[in-house]
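One chain comes next, on its own, written as structure tokens: the form predicted alone.
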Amino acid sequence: MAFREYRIGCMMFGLALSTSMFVTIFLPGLDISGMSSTKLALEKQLTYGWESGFNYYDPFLRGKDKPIKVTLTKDPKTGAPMDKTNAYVFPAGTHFPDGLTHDNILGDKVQKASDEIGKIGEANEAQGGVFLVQTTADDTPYIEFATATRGWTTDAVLKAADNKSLAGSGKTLFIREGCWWCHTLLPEETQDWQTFGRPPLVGDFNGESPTTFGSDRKAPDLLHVGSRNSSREWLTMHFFNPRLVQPHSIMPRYDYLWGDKDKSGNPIDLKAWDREFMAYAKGESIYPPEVPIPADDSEARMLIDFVLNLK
């Protein structure tokens, strides 16, 4: 009798657990899979590129195999002035995000507009290309393959760019350095609205992997931090030594992301900098030491670009 009751109890537990998993995972998955991409989702896919976490193309998470986001104010082909436009450059061989390679990622209307108007079917990873995010007359966002529709080459766009952002590489470093252990990218539907901005929509995450929601919040949410603080100088100091801007910060220093040389090619002496900072902290010096400007190809620059891109 006891064994029979034990067996029935195990069966009931298994049924309850299976039902719970079905309701909490499978059913929402059906809703998510039927969700169409928002304009933000398209922008994030083209900014971050393919898988940002551990993968066999970038096993040490160095920010490789990523697109370059650029800002244009003149046509790269004709040189004619144009409205400020964000373009996403995929050098030859850079892997495309899933939205460009899988038909069931963007959503039916977005996919149709991207194919028919944006000509994304003509894009090829081996050759690379330039992409834009556009909107139809009925406000349907879509991806335009500007290399096919406008004749924009990757070299011409990079040469004409007013500025370049390595936010895609920066997201990989955000994951590698464990930033999402303390910072979330998911404001809650509470008083967070007043402090951190609106929560994201389900369609904002189509094609993004991983989502970097974070599992805990020991520090402020960063989903819209680029709108709250767009100062590259402040972020540079913050990452080099958080105590420069927040005396009681528990955030670790990320000065090692600067590498050996600064933007001007001058050697970075961290030990000497630490001595000057300690003199400042003890009141022996009036001003703190200068923070080196990150080199254009440094990991520090990539991470700062990613944070500034969160708007």
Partner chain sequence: MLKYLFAKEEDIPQGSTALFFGVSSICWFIIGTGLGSFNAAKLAFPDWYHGLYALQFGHMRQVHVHAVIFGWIAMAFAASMMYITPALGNTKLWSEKLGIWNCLLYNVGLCFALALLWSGMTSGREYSDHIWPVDLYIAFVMVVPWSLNVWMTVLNRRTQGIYTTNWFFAACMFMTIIVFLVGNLPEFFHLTGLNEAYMTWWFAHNILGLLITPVAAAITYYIVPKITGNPLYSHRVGHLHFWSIVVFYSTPAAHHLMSAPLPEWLKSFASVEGVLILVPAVAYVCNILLTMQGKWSMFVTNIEIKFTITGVLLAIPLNMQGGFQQTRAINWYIHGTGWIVAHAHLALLGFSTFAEAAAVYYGLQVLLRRKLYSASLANFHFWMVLIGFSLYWVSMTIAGLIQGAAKIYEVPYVDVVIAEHPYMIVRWLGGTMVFFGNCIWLYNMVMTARAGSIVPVGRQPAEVAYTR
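Numbering follows the first chain given and starts at 1. None of the values given here were measured: they were computed from a predicted structure.
The next section is about a form of this same protein that is not shown, the form predicted together with its partner chain.
Asker: So which of Thr136, Gln191, Asn163, Thr78 reaches within 4.5 angstroms of its partner chain in the predicted complex, heavy atom to heavy atom?
Answerer: Partner contact (heavy atom, 4.5 Å) among the options: Gln191.
Asker: Counting non-hydrogen atoms within 4.5 angstroms of its partner chain in the predicted complex, say which of Gly151, Gly93, Gly121, Gly178 makes the cut.
Answerer: Of the candidates Gly151, Gly93, Gly121, Gly178, Gly178 is the one lying within 4.5 Å of its partner chain in the predicted complex.
Asker: Heavy atom to heavy atom, is Leu61 within 4.5 Å of its partner chain in the predicted complex?
Answerer: So Leu61 counts as contacting its partner chain.
Asker: Please check if Gln246 has a heavy atom lying within 4.5 Å of any heavy atom of its partner chain in the predicted complex.
Answerer: Gln246: contacts its partner chain in the predicted complex.
Asker: So, in the predicted complex, is Glu144 in contact with its partner chain at a 4.5 angstroms heavy atom limit?
Answerer: Judged by the heavy-atom cut-off of 4.5 Å, Glu144 is well away from its partner chain in the predicted complex.
Asker: Report yes if any heavy atom of Arg217 sits within 4.5 Å of a heavy atom of its partner chain in the predicted complex; otherwise report no.
Answerer: Judged by the heavy-atom cut-off of 4.5 Å, Arg217 is in contact with its partner chain in the predicted complex.
Asker: In terms of non-hydrogen atoms within 4.5 angstroms, which of the given stretches 126-134, 68-76, 113-121, 201-209 touches its partner chain in the predicted complex?
Answerer: Flagged stretch: 201-209.
Asker: Could you tell me if all three of Met12, Leu27 and Thr195 have a heavy atom no more than 4.5 Å from its partner chain in the predicted complex?
Answerer: All three within 4.5 Å in the predicted complex.
Asker: Considering only 78-115, what residues come within 4.5 Å of its partner chain in the predicted complex, judged by heavy atoms?
Answerer: Residues within 4.5 Å: Asp98, Ile105.
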